[in-house]
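Only one chain is given next, in structure tokens, and it is the form predicted on its own.
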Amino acid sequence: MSGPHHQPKVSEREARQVAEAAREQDWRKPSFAKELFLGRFRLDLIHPHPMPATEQAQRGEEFLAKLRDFCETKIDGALIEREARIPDAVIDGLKEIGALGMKIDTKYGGLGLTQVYYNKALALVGSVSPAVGALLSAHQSIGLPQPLKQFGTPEQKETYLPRLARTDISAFLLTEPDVGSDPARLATTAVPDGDEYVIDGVKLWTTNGVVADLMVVMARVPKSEGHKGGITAFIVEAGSEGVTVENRNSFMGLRGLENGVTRFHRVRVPAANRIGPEGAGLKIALTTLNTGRLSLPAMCVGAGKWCLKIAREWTSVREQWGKPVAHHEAVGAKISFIAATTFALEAVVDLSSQMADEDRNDIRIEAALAKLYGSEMAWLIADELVQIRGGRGYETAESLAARGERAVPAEQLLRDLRINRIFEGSTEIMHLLIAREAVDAHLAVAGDIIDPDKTLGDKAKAGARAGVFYARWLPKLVAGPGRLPLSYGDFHPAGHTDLSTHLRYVERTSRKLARSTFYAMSRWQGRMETKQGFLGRIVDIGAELFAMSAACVRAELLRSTGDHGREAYQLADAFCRQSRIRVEELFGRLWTNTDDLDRTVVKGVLSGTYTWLEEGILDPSGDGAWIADATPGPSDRENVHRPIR
């Protein structure tokens, strides 16, 4: 397969400018997670836990009941896995019950579900067939409905949303064979020609692209007289002349995924099909992903619940050395981890989703943290389930059934979940994205000091601004309510576990996290963006603190509503204690690590110093030819790279 033509040559500085220009620059609403990274624990932003309106909840529950019946009677997950495709009857049935329009407003024929209930629906579908969950998610979370909702014209909404709600499947096309997380090198072009654009290029890993009726295509408009140019979003009819699906890709997991390679050869698109102005494509993509990312952790929650169910059923009947294996400490610890972490993941997703529905807070960091944390922890949960099941965890469901045992697809779940650490922004990209937002306040006051393009005068002014900011901010990081025993008394009701101690820990630790970030910026200044190991650990600490906060707030919500309150407090307590151990390990690795030595080893590997270590094997993959800079993994849903500076 040939790559796209006219591959742009882009410097690191130019790539940084493109990525930074696509960022949403302003913070017009409060952000719990942003404040957390700055050492300010704003419990008031998430407690009491926000709740959906009664009418919204009723509508959501009614659809969940209908969807549950459909999943139980119409979707055969084993068949989809075996045949590596979703049957037409399933897709037609999803259209009939309105599943394509879950997030589309009722005035356009959609169901108008909230983010909370949309996520619950994805978790339900994903527990039966992750491939079906991925189809619905790609269609609505990042496909055409979401950008149309936020950026479409009234005419575009009236034309396309009714189709998308009932009959038409959509796909999102950004990634190219040579371009994964660096959009500055995007090669697909859209050349203006009268009242049309002519699109040429190739898109890779187009989830839903094989079956899509409508596509959101990101293409570069050349700058010319009357045209601002830049990366721009277009609505493209899949049946347009010149659109060709060249390959249906196959993967480790999600075998029913309709993912392919799509080529555009002189595809003519009306100017009326442009979403937003020229040059706004990346901003549209990033804004769409702010809430769209919540679909993946939602399906991770469903996976966690399924793992807990299987672990409980298996370990209560499987005996070893005279007692059920669940009562052996080594296995019991894994069960506790699965239960506590599933509780926390659901808390994170529900809280973030309800905050998205209310639109009172800016949740760009919360959604990113939910995606990062959910995908990493769900993978660990599934891995622990495979370990608990032993040989039966590694054996396929089909093989288990063939010899008369219950067909539990534990190994399939592990394969299916693996992509979530790559989809919609790999873990490494998410670390950089969140870190950039986490240090935004610092760069706003001190960024010019470390910018090599700024004049001495600009640097002097930035130094003065920074002095004022840090003189006010740093003293507040020394002490806070986390030192006061009764500061979070609401979370220590009579007869229940004391969760207030964990909230005090979060408050103290958020201040420690902010101090650590400040020390690092003071030490490395302009080199901070190269310290990706350090930044990743900072973000991982913040993710744990956010999850602890969400778990405690959810436990208190369940207690106040009389719904499993005591058990919820126990699960929240177990999760927080497990999380605190991880946090302390991460803090230890902030300053004691092998990052410098690792860089030395990498240089040796790339220079061929260690090729002797590769001797004694055969390479079954071919002649060693590569497509340069191709990003590993199906990442058409991957977030664009946003450097720290």
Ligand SMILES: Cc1cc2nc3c(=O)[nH]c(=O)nc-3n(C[C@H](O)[C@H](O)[C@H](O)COP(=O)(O)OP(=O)(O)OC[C@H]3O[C@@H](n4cnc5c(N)ncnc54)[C@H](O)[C@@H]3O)c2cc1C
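These numbers come from a predicted model, not from an experiment. Position 1 is the first residue in the sequence shown; the rest follow in order.
We do not show the form predicted together with the ligand, though everything after this point is about it.
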query: 4.5 angstroms heavy atom contact with the ligand in the model of the complex for Q140; finding: no
query: Distance check, F251 to the ligand in the model of the complex, heavy atom within 4.5 Å; finding: yes
query: Partner proximity in the model of the complex: T291 to the ligand, non-hydrogen atom cutoff 4.5 Å; finding: no
query: Any non-hydrogen atom of F575 within 4.5 angstroms of the ligand in the model of the complex; finding: no
query: Stretch in contact, per heavy atom within 4.5 angstroms of the ligand in the model of the complex, of 190-198, 347-355, 165-173, 236-244; finding: 165-173
query: Full three-residue contact with the ligand in the model of the complex, heavy atom 4.5 Å, for E366, L372 and L380; finding: no
query: Answer option from A410, L513, I422, L94, heavy atom within 4.5 Å of the ligand in the model of the complex; finding: I422
query: Sole residue of V116, L282, L111, L432 within 4.5 Å of the ligand in the model of the complex, by heavy atom; finding: L432
query: Residues within 4.5 Å of the ligand in the model of the complex, restricted to 256-286 and counted by heavy atom; finding: L257, N259
